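Only one chain is shown below, in C-alpha cells, and it's the form predicted on its own.
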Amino acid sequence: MNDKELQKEIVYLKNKQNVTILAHYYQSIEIQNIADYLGGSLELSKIAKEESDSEYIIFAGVDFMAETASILNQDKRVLLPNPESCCPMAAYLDAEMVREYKKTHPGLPVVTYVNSTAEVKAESDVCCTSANAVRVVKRIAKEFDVNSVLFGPDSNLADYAEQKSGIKCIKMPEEGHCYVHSQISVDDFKRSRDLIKDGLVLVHPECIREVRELADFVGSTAQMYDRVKNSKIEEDNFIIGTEEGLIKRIAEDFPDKHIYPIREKLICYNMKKHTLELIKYVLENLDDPMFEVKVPSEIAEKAIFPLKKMLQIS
C-alpha cells in the first residue's frame, strides 16, 4: 500500500472501532494528517480525558506521553505503536535520583517537566510544561516560601525558568537536555539570519541560553504554532528552531507565510519510530499487550497529584 491507501485504511479502521488517535507535532506529516487530535504532549493527554469517549487511545508520541495519558485516563487503554519510541531526555532522571536530590536539598519543592517518567512524576510536588514552566516555578516557590526549587530533567528549560522567574532552579541533573533543541547553535542563528534578513526567529526554551537570547520569540511547540497563526500580515518570514515535524505542519497550515528551519535535519528520531504501517497493525490488533502503556495504579495515584496541581496553576 502507498501512504494514501494506508491513511484511508487507518481512518476506516479507527472509525469502525471507535479508536482515538493522538499525534504529537513531531510526528511525520503523514501521521499528523490521520490523527483525530494534534498538539503538544500534555494538551493531547488532556484531550484524551476530556474529549474522547473511546476505550482505546493510540498515542503517536514517545513513552512518557503515553504514560501521562495513562495516568490521566486509568479507565482507558493507551497504545504506543512502537514500544521503542522513548525520550532520551526523560531517561536522564529516575525516581531514585529525585529522592537523593530531595535528601541533599531538604524543604525544596520538586518541579518536573512533563517530559519525564511516571515514577519521576510520582516523586514530584508539581509538573510543568515548556509553556508554563516560569509560572509554575514562581507559584510553587511562593507556596513553599523558598527562593530555590529542584527542577528536572531538562537543564536548558531549568535555566530558562530561572532566568525568567528569578527563582534558583537546581538542575536534576546538570547534563539533562533534548538532543534536538540543544544542538541549535549561535552559528545556526547567524547563518539563517544572514540568509533571511527580515526573518523572525522562533525557538524552543529547550535551546541553550545563547540562542534563546538572540531569538525574537521563545515558546513551546504550540506557542510557536500560534505565533505564526496570529502573526501580522506584514510578517512574512519565519525561521523556526524546533523539530522538523512542527516546521512542516506550520508550512502546510499557513502557505501564505515563508517558513524556514534554523538548521537542516532537526529530527527527533525517537518520535519518528512510528509509521503508518505500525498504526494500521495496532488497529488490527488492539488487544495485543505489547502495545499497551499502563501505569500501575499505585504510581498513577501519586503522579496524578503534581499533574493536577500544574493544571490548577495554569
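All of these numbers come straight from a predicted model, not from anything done at the bench. Throughout, we count residues from 1 along the sequence that is shown.
What comes next is about the form predicted in complex with ligand 13P, which does not appear here.
Novice: Which of S124, S155, S220, T117 has a heavy atom within 4.5 Å of ligand 13P in the predicted bound form?
Specialist: None of the other options qualify; the answer is S220.
Novice: Just to confirm, with a 4.5 Å cut-off on non-hydrogen atoms, which of H181, R212, K171, R139 contacts ligand 13P in the predicted bound form?
Specialist: Checked against the cut-off, the match is H181.
Novice: Hey, in the predicted bound form, is G245 touching ligand 13P, heavy atoms inside 4.5 Å?
Specialist: Close contact is absent here: in the predicted bound form, G245 is far from ligand 13P, nothing within 4.5 Å, heavy atoms only.
Novice: Look up in the predicted bound form whether Y113 has a non-hydrogen atom within 4.5 angstroms of ligand 13P, and give yes or no.
Specialist: Yes - in the predicted bound form, heavy atoms of Y113 and ligand 13P come within 4.5 Å of each other.
Novice: If we define contact as a non-hydrogen atom of the residue within 4.5 angstroms of the partner, is Y26 a contact of ligand 13P in the predicted bound form?
Specialist: Although ligand 13P is absent here, Y26 would touch it in the predicted bound form, with heavy atoms inside 4.5 Å.
Novice: Against ligand 13P in the predicted bound form, would S41 count as a contact residue? Criterion: heavy atoms within 4.5 Å.
Specialist: Taking the distances in the predicted bound form, the answer for S41 is yes, it comes within 4.5 Å of ligand 13P.
Novice: Any idea which of 202 to 210, 92 to 100, 232 to 240, 144 to 152 reaches within 4.5 Å of ligand 13P in the predicted bound form, heavy atoms considered?
Specialist: Within 4.5 Å of the partner lies stretch 202 to 210.
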